[in-house]
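One chain is shown next in structure tokens, namely the form predicted on its own.
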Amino acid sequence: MEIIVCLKQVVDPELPARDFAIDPVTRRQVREGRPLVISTYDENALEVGLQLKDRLGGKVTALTLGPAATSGDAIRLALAMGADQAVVVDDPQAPVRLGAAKARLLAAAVRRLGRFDLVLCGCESADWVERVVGPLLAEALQAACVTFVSRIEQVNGTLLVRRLADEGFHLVEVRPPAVLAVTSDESNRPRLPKVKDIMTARRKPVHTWPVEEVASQAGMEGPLEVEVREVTLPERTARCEFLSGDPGEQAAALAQRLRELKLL
């Protein structure tokens, strides 16, 4: 089975809020000097791809879109976890592109890789949470698409996909080629690579493609299609109020305040 996993590198979501900043010119999150990690659900997608390869055989290719100079850590981690090869579409503008443009570039890169059975990606990114790359990528590749996928099994030559829903989950039968947007599940917790795997990853191939070549194939020679006008960090305020009286009066006053705030 030929599996391609799309990975996005983002600023570590666990970074303290005081270390987040918005660039006033690009109106995007400042990445310089911040630790970069694979977006959470993309790492779950990679784990799903590796488990499928373990069960069914085949090859896993890690594909990422971003500045090559800062994509090394994500790619090497993917290779250490078990991906067979990696492709970096070297795009300095990737951090300021929105989902639709990224989907077109990724689709062009997938077509350039050749035959595929599955393209896996996270159901949303940890920074913009657009949730559009998977469906738009499937549309561009004219492949089936299932979102919020938690588990995949092979049954009688087809894939039986469990998709999370508000009321529980759906079971969807999918025939490759398909694009699956993966969410987290206890069955796809990312594996931790061993020291031996980290050393082996250094010898696995990493291909770097200039974004101009991929954009030309995708018919994207023009400017960015979407302009971001404003991005701000949410304001957080805290207020402390002391209640007077004995414990009974304080409890009554607390209950009254909670009712006024519509918390009771």
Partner chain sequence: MGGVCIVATALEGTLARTSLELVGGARALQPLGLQTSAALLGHGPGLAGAVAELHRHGVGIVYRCHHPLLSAGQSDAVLVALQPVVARAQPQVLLVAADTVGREVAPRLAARLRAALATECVQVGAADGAIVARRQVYGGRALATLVVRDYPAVLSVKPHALDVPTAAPVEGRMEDVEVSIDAEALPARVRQVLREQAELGLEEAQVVIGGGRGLGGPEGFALLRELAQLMGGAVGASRPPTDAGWVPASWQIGQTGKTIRPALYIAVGISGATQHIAGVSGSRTIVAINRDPEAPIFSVAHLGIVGDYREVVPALIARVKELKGV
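Residue numbers count along the first chain shown, from 1. If you're wondering where the values come from, they're calculated on a predicted model, not measured in any experiment. Only the largest set of C-alpha atoms that superpose within 1.5 Å between the two forms is called the rigid core.
The same protein has a further form, the form predicted together with the partner chain, not shown here; the description that follows concerns it.
This chain is displayed without the partner chain, yet in the predicted bound form the stretch 228-236 from 63-71, 45-53, 228-236, 206-214 comes within 4.5 Å of it by heavy atoms.
For the three residues Arg28, Thr147 and Leu171, a heavy atom within 4.5 Å of the partner chain turns up in the predicted bound form in every case.
The partner chain in the predicted bound form is not approached by Asp117, whose heavy atoms all lie more than 4.5 angstroms from it. When the partner chain is considered in the predicted bound form, Val129 lines it closely, a heavy atom lying within 4.5 Å.
The partner chain in the predicted bound form is approached by Glu186, whose closest heavy atom lies within 4.5 angstroms of it.
Although the partner is absent here, Leu113 is not a contact residue: none of its heavy atoms lies within 4.5 angstroms of the partner chain in the predicted bound form.
Residues of 5-23 lying near the partner chain in the predicted bound form, listed in sequence order, are Pro13, Glu14, Leu15, Pro16, Ala17, Phe20, Ile22, the criterion being any heavy atom within 4.5 Å. Core-superposed comparison between this form and the one not shown: the CA of Asp246 exceeds or equals a 2 Å shift.
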